[in-house]
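Single chain ahead, written as structure tokens, the form predicted alone.
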Amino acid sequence: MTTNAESIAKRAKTAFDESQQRLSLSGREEADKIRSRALERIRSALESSKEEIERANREDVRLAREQVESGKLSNSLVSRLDLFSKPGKWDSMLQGVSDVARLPSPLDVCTYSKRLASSDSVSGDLDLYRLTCPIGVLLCIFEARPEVIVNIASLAIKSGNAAILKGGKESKLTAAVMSRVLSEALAQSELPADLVQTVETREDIAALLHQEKYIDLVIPRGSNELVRSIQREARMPVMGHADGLCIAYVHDDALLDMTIGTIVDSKTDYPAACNSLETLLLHESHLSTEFWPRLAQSLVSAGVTLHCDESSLKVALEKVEVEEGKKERIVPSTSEDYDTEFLDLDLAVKVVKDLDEAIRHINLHSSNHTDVILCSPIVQDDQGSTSEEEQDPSSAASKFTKSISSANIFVNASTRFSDGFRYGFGTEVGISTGRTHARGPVGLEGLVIYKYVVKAKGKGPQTAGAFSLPDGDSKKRKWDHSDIPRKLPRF
């Protein structure tokens, strides 16, 4: 008996296969234009439906706030759910659709090519090409953020994939409207309407995680609990991150004003985001100067609660001015604070004696999402560039970037830059902290894989048995393995 989940997965796989066949005769450029036209149709449909989407989102937010009052939901989740209150959020989502449409196609790109063997008296050349191609059917599961529906749909369409989307129950009304708009827009395009589908229940997801025959990759985007549960249950590969425990280390030669601006932005620009700063490591030399008191004052003034270790706590309590009744913004830390993704205006602070101790802490406690070093500024020449000769391989920045294996590593920049749109990817399906295939913000390139195509020329048979082993039969055919131009093979 075919279940609802199996039917959805089958339709997605059929739509993917149909799209591949339908566009195979269009040529690379024309196929990309067809996908881009579908995206612009989706953007136009979303713009036309803004009032309806906003009404649905307002109701989702209202219901979510009731859950906050009863202690069932967090304020950070409501912040992620709200699509219209944060200036530019809606417009950024729409712009992301157009940005993705304008990006170069990631498909049918030749990334490796070799002549395996040259012509002999019997057979012609034997050439090998590695070409990028779609992954297939993506199952994308996310919490609260309704704009993710549009982000993932855009990237899936542009990269030639099919997508099954499941949002959190908190965004149910918004997601229902947006999903309908997407479906109607796709139905009017040159692509199969089932290329993007949505599901509503947890039961559907539980069943879809076992449809490895039709689904190729799962991308969860949400809480630690969500991602861990998906990783346990899925029978197909999972790409994503469980935590966004981002750490910044302030080296002894960091500039104060630059550090204040960078750290405050990292923590306060969007505290509920996965790229918000959660732990601050401070070189011990900053305790005996105005550095730490001024940095702490700036954070407290911005509404941040500092969870300080013993030495940073002592200085902060002595030298930071806190408004009457708000002394709770400087509190002692616990060991658990350094493994906590607060997703709120809370920051764990720890003093370290040197760079090596900071690196050890990050390698032990970071979730490998985004980690930062604040240090002496990198000097630019008049053209705004730096040469390799000007870089000191023994510098703190060099050692930090080589010693940390996180997906994103920044020097003197806010953690908030780790984002697909800000990287120029148009948008992202999420940020991966894994160590295979795709890392960091996952845009178009993270949604393609590759295949090897061997092209044999001539009328004679191409057989493996015709080749000799190294130092083998001199009368047999020899391997060539020389480079040939990296371009699509002609047939």
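Rigid core: the largest C-alpha set superposing within 1.5 Å between the two forms. The first residue of the shown sequence is 1; numbering continues from there. Since the structure is predicted, the reported quantities are computational estimates derived from the model, not experimental observations.
The following text describes the form predicted in complex with another copy of the chain, which does not appear among the structures shown.
Any chance 356, 402 and 406 all have a heavy atom within 4.5 Å of another copy of the chain in the predicted complex? Every residue of the spot touches another copy of the chain in the predicted complex.
Have a look at 64 to 72, 24 to 32, 37 to 45, 50 to 58 and name the one stretch with heavy atoms inside 4.5 Å of another copy of the chain in the predicted complex. Comparing against another copy of the chain in the predicted complex, the contact stretch is 24 to 32.
I'd like to know if residue 129 sits close to another copy of the chain in the predicted complex, meaning any non-hydrogen atom pair within 4.5 angstroms. Yes, residue 129 is a contact residue.
Given that the partner is absent here, does residue 265 sit within 4.5 Å of another copy of the chain in the predicted complex, heavy atoms only? Taking the distances in the predicted complex, the answer for residue 265 is yes, it comes within 4.5 Å of another copy of the chain.
Any of the heavy atoms of residue 414 lying within 4.5 Å of another copy of the chain in the predicted complex? Flag for residue 414 set to yes.
Taking another copy of the chain as it sits in the predicted complex, is residue 255 in contact with it (heavy atom to heavy atom, 4.5 Å or less)? Because a heavy atom of residue 255 falls inside 4.5 Å of another copy of the chain in the predicted complex, the answer is yes.
Though another copy of the chain is not shown, can you say which of 125, 284, 200, 346 has a heavy atom within 4.5 Å of it in the predicted complex? When another copy of the chain is considered in the predicted complex, the option within 4.5 Å is 125.
With another copy of the chain left out of view, choose which of 188, 395, 297, 98 has a non-hydrogen atom within 4.5 angstroms of it in the predicted complex. Selected option: 395.
Contacts with another copy of the chain in the predicted complex - residues in 434 to 462 whose heavy atoms fall within 4.5 Å: In sequence order, 435, 436, 437, 438, 439, 440, 441, 445, 449, 450, 451, 452, 453, 454, 455, 456, 457, 458, 459, 460, 461, 462 come within 4.5 Å of the partner.
Answer yes if the CA of residue 93 moves 2 Å or more between this form and the one not shown after aligning the rigid core, and no otherwise. Shift at residue 93: 2 Å or more after core fit.
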